[in-house]
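So this one's two forms of a single chain, laid out as structure tokens and tagged structure 1 and structure 2.
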Structure 1
């Protein structure tokens, strides 16, 4: 499968690395909004101007779109789905239905396939929520993220006027996590499950009080959480916040038996050294499935719920049955 990367930040570089690990994938090139001559790829892959991507429709099997969910993907994914098979990692959960509708319209009208909201959450965590709730219908779902850097939330802060750089750490509330793992089913509000720690490098003349207020009141990102904002220097950012770890867990507590006498706890956990590299690895696996769907003439937008597990693997059905089942 011949893949293209659209956007070359942390996620785009992660996709480049993931493609290199998959022998059935090749990288056509990187498309960037920066001046192409100013961008040096990790593998020496060619770099093109983002606006030129439509000149290569016949040479690319699928475009992996590596933009931010706040402002990039709502525009990029429908526009590119009108000309290419595409996949993105849109992660603003509240806006997924609207994003799906927009991308589906573009993909159906153009005869392409698209996959949205693919990564680890939404993505792998979504699948585990579905599996667990289907297996234990009498139960309760809990999702905890972190402690780790949220790329989407960090990107949203960086879009605020006067912000030069930002890292946002999502932090589970330990007491809430322990209560769920014990098998009890506490009723937890959004605020009771997670804290959000924001570290911000602000322009020298920026109104730091305004920046803090905009962060804490941002809907879908911070308004429903206890949030701390710490203004730091660029040197502190480089020294203490250069890495991008993340992780978390999906837990479902459920009951079985005629009177619910037995309690079961299902937990799926991730501990990630690099959030973007892991997300990129998920994207490339699902790109394989989408290329297979495109080759069969399927069209329209999909989510991870629509992909059969076997389509993610480069192994044949015989190999999967012999070694994985």
Structure 2
């Protein structure tokens, strides 16, 4: 399968690395809104201007769209689905139905396939919510995130006056996790589920007390959480907080038996050194499935729920049954 990367930030670079790990995938090139000559790819893959992508329709099996969910993907994915098979990692949960409709319309009209909201949440976490709820209909779901960097929360801190840089870690509360893993079904408030750890580089003359107060009182982002703020130097930030780790777990506890006398716990857990590289790896596995769907003439928008797991693997059905079942 010949893939293209549309958008070359952390996620695009992750996709480039993931393609290099899959012998049946090759990278046609990277499409960027920046000046192509200013962009150097990790693997030496060619760089094109985003606007030129429509010149290469016959040479690309599928475009992996690596844009942001807030403003990029709602425009990019339907526009590209009008000419290409596409995948994105749209992650604004509340807007998924509207995004699906827009992408589905474009893909059906153009006769292409599209997959939206692919990654780990939405993505692998969603799949595990679905499997677990189908298996244990009488049960309760919990999702914990972290320990990991939330880019949205880090950005929110950076907008505070006097802040030069910031990194926010979302941390699950150990006591809450332990309670859920035990099979009990506690009602947990926002504060009881996650902590927020903030590391901030402040301007020399900035009022650190005010910055800390502004962070801790910020509605939606921090006010409902136990939040710690640690002022660090630019050097400490570069040394200790340069990576983008993340992860978390989806847990469902449920009852079976004639009168619910048996308890079961299903847990899916991710521990990721690099959030964008893992998301990229999920995207490339699902790209394989979508190329197969396209080659069978399927059209329209899909989600991870619609993909039979066998389609993700380079192995044949026979090999999968013999070695993985």
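Residues that one form lacks are left out of the comparison. Since the structure is predicted, the reported quantities are computational estimates derived from the model, not experimental observations. Positions refer to the first chain, counted from 1. Basically, rigid core = biggest C-alpha set you can superpose within 1.5 Å across the two forms.
- Looking at the condition given, the form predicted on its own, one finds it describes the source of structure 1 alone.
- Relative to the superposed core, residue 172 undergoes a Cα shift of 2 Å or more between structures 1 and 2.
- After superposition on the rigid core, displacement of the C-alpha of residue 156 between structures 1 and 2 amounts to 2 Å or more.
- After superposition on the rigid core, the Cα of residue 221 moves by 2 Å or more between structures 1 and 2.
- On a core-based overlay, residue 232 has a Cα shift of 8.0 Å between structures 1 and 2.
- In this core superposition, residue 187 moves its Cα by 2.7 Å between structures 1 and 2.
- On rigid-core superposition between structures 1 and 2, the C-alpha of residue 211 is found to move 11.3 angstrom.
- Listed in sequence order, 150-179, 186-241 mark where three or more consecutive residues have CA shifts of 2 Å or more between structures 1 and 2 on superposition of the core.
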